[in-house]
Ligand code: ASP
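Taking the form predicted alone, here's one chain by itself in structure tokens.
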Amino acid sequence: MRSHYCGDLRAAHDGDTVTLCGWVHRRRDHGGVIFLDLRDRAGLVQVVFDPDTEQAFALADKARSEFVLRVTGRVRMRDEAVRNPRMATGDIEVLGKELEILNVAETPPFELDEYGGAGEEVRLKYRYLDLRRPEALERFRFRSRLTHVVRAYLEKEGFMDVETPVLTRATPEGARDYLVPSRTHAGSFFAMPQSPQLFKQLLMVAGFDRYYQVAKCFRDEDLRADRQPEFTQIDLEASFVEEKDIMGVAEGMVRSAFRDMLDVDLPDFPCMTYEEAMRRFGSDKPDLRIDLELVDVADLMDGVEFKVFAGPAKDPRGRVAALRVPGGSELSRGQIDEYTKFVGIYGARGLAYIKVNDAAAGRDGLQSPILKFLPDEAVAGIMERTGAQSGDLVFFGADKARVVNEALGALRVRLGHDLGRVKGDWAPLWVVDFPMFEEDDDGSMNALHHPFTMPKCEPGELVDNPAQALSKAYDMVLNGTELGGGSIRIYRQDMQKAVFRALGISEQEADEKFGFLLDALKYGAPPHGGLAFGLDRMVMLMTGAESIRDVIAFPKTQTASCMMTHAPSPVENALLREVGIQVRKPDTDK
């Protein structure tokens, strides 16, 4: 139906007769001459209709926004005075000779250009229209090219593309599974994979040596800007490797992607332990572009009478930390109150602070509601340890370590953006030496990553002291976002059983849930490891999108629903009976 894409026409086509298909992006009527900006996947081109071509002109007069047209005309150069350097096709235009209206369109519910101000709910309801916007289309063109670059890199490195099952069984990977009832096995369920974790390990047992997959994964968890119930990850696994080998491949892949896609050479990837990241930044994915850091001051507070500080300072699972904000004394009380509300989202019960009006004046140069509770030696210690200067402000967090880390870690990032302390474009790093387990309040252990991660100790040491065990895990972080995470895997049966014991999984339960894995480890499993990148997050970062919803063609809302198709939705009772399910309505009386 067409000879060229609209956005591909250039000065080299001057004089050519072309046939184009696309949508009316804009229509303008200037003194009896009609201008249509015709849009397709490749971009825009201006088509001009004058009254000399009566039939085409009459149809152009009827055309409106988003009408679907087929146009035949001659490419010509624009006059110098009206060339548009902001358009790729801005040096030329098409003089329309023939026009066919392939389909009419109602007026869209929002403008399909960069000036459209529709809310996300409306855009997601009419997602097929939202995706027509050039900005949205460019993101998906970018995503397609990025996937190609990644595949090409991994193929060059000897990785083999292998698909793993989407219908599998539930495995403990940190989130709830989406369950699928089986019609042929009444009362039994498949689970949608949270990742291809166990299958890619079994491929290593099978001798595939190097595997990758652009894999769809599913997690039934609470959502936020960088999470979706279904998402895509770049998954890879290799045999006979150590941490540095997988990290080298992954780093090379990301460098290649940034170089090819953005013409950016990423800086060095420093390596930081989990312990250091949490101590300095309150996060295992710190944004190193922000120079604010947390400082421990618990030892200065354990003897004070102020219980808000003294309690956490004496608690082995507590933390008291300070966050110095250079120039922060200019913050108003209203701004401080806003930051206090902000940390409350993370469980903090308040946000203490000290304003440093004049550091040389000692205690008399400080301003704070908490000063009356702190002895001179504690105040002097805080000033010295934080390095606070005149004009600074020092925030404090005192609570369980988890609460302090989450609250002050998030506050650090918020302040960095609010106060313009984000320096540089890209700040990658590796975070390593994660704990194997995190301890619940009841003393039980949970795997920090997943229970197939290799510990840095022997099985006996792991069982005797699981809380102190470190893992051979590594996360790649970029600008405060976890871009990918992985580990060396357990490849010995005795070690896998030891991890299950540490997690409180009995031999019977382990055999029931993971018998196929334990059996496979008996038959010569090689040392192996891997990593998975969030493709959606990667595209989000590289395109500057605000949310991964902007880079997923048909995303869900933050309530895990689809505004366009109204999914999830009830199904007919006949279908439920086929799979042996009876729906129990929620109790609305409570």
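Bear in mind the structure is a predicted one, so any value in this text is a computation, not a measurement. Quick note: we count residues from 1 along the sequence shown, nothing fancier.
Omitted here: the form predicted together with the ligand. The next part is about that form.
- Site annotation in the model of the complex: the residue of 96, 486, 397, 409 reaching within 4.5 Å of the ligand with a heavy atom is 486.
- A heavy atom within 4.5 Å of the ligand in the model of the complex is found for exactly one of 232, 329, 479, 197: 197.
- At a distance threshold of 4.5 angstroms between non-hydrogen atoms, residue 472 is out of contact with the ligand in the model of the complex.
- With a 4.5 Å cutoff on heavy atoms, residue 531 counts as touching the ligand in the model of the complex.
- The shortest heavy atom separation between residue 450 and the ligand in the model of the complex is within 4.5 Å.
- Taking the partner from the other structure, the ligand in the model of the complex has no heavy atom within 4.5 Å of any heavy atom of residue 355.
- Heavy atoms within 4.5 Å of the ligand in the model of the complex belong, among the stretches 290-298, 333-341, 189-197, 416-424, to residues of 189-197.
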